[in-house]
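In structure tokens, one chain follows: the form predicted on its own.
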Amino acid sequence: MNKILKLTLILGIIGAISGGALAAVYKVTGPVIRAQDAKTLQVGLSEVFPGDYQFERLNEEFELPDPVVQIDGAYIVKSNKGIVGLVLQVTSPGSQAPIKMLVGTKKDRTVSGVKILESLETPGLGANASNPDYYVDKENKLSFLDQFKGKKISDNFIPKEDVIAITGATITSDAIAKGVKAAGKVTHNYFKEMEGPE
């Protein structure tokens, strides 16, 4: 009996020390991680909507056209002349894990840019989606993400139809295309509501 109590006590002490150590590490690293995430987000916003713009977070719920895609955040894009676009932080299921990305869309209903924030897709295949030196159109040196720039948000965004898929990574190509399509639909509805009836 004493042996069991002694073992329980030892395990309890080890658990308390481990828990305390984890809490201490989190207290030190938590603010650093949040600051780095905020910096990555700010850089990403500027990349998908390059220029002299301000980004203001929206606290709205959006109705999504595709239930597998999630909108994790929305940022209105402003210039000194007013609202010029919207950037949506989107999560879409990839082949290995959810792919987190930013999709910038202009008020004129075209895509301004797409940036992947987080992806665990297969190196050499799906991971090529975020590689600016991997060209899906070698002749025009067009990367996978660059092909979305300037496309109308009313496009179908279907790989092998109006989106050039990454060779050997159809699921990744489809996941990103679905994310862009969902962001486009949300943008269209947002500006349609803002502009009112024709």
Partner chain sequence: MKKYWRIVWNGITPSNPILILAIGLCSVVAVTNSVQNALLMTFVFSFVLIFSEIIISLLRKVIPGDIRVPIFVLVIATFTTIATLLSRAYFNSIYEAIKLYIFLVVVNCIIIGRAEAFSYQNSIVDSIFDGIGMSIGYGWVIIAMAAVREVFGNGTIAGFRVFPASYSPALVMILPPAGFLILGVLVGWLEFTLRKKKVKK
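Between two forms, the rigid core is the largest collection of C-alphas that superpose within 1.5 Å. These numbers were taken from a predicted model, which means no experiment stands behind them. Residue numbers count along the first chain shown, from 1.
Quick note: we don't show the form predicted together with the partner chain, though the next part is all about it.
- Here the chain stands alone, but in the predicted bound form its contact with the partner chain, taken as any heavy atom within 4.5 Å, falls in 28-36 among 28-36, 46-54, 148-156, 62-70.
- None of the heavy atoms of I76 is located within 4.5 Å of the partner chain in the predicted bound form.
- For N140, no non-hydrogen atom is located within 4.5 Å of the partner chain in the predicted bound form, even though that partner is not displayed.
- Put simply, S119 is close to the partner chain in the predicted bound form: some heavy atom of it is within 4.5 Å.
- In the predicted bound form, the partner chain stays beyond 4.5 Å of every heavy atom belonging to Q42.
- Residues of 139-163 include none with a non-hydrogen atom no more than 4.5 angstroms from the partner chain in the predicted bound form.
- Relative to the superposed rigid core, N189 undergoes a CA displacement smaller than 2 Å between this form and the one not shown.
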